[in-house]
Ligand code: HEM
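For reference, the chain that follows is the form predicted on its own, supplied as structure tokens.
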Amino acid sequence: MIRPFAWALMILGALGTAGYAIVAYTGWPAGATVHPEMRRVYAIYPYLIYPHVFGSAIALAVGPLQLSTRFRRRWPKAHRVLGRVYLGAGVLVGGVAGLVLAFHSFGGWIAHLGFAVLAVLWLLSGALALRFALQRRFDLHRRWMILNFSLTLAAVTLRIQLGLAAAAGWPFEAFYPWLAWTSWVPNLLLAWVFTRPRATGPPGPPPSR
């Protein structure tokens, strides 16, 4: 069970990052808010940047609500509709665009591979979550949705790590390639541990008469 403080931080980070993306990419040209070394890609591939940014923003905004047990039980129809929005407009659109962009990312092959693996796992875990929902295997559906949202939160942890690295004075070109991995691997590992099936142990002896 996620503690209320951690849950609140997760929601704040997700909504804050989604809001920032919407404001930054509707109020300024693509690439205006990123490092100068990355602006060339933004200028060449705006047709990939915008689907990736806004798809990811949709997933960040909808995801916390979808993981709320109270919301799911009280409004099951809304949960199903928003689930389609999350997986379709969010993960599918953002993930496909992100997968293509991964091979144009700043940081060389380390960044290319890290962002590509992230995109593939994001798409795959979303597909598995949908599959289990259609099969009405809701325990597995919820597990894979949590794993998927942990990858969605890479957008949040990447920006936190960017800020920490900049505050520490590390050169951008030295640390950025590794963010393609550190932004999502810890998230996924934590989610995997959190959602792993709990051992119930062998049955006890029959009661004595």
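As the structure is a prediction and not an experimental result, all values here were calculated from the model. Residue positions are given as counts along the sequence shown, with the first one as 1.
What follows is about the form predicted together with the ligand, which we do not show.
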Exercise. Tell me, please, which stretch of 51 to 59, 163 to 171, 137 to 145, 64 to 72 lies within 4.5 angstroms of the ligand in the predicted complex when heavy atoms are compared?
Key: 51 to 59
Quiz item: Does the 4.5 Å heavy atom contact test between A43 and the ligand in the predicted complex come out positive?
Solution: no
Quiz item: Is L101 close enough to the ligand in the predicted complex to count, meaning some heavy atom within 4.5 Å?
Solution: yes
Quiz item: Is there a heavy atom of L118 lying 4.5 Å or less from a heavy atom of the ligand in the predicted complex?
Solution: yes
Quiz item: Going by a heavy atom distance of 4.5 Å, is F194 a contact of the ligand in the predicted complex?
Solution: no
Quiz item: Which residues in 155 to 181 have a heavy atom within 4.5 Å of the ligand in the predicted complex?
Solution: A155, R159, Y176
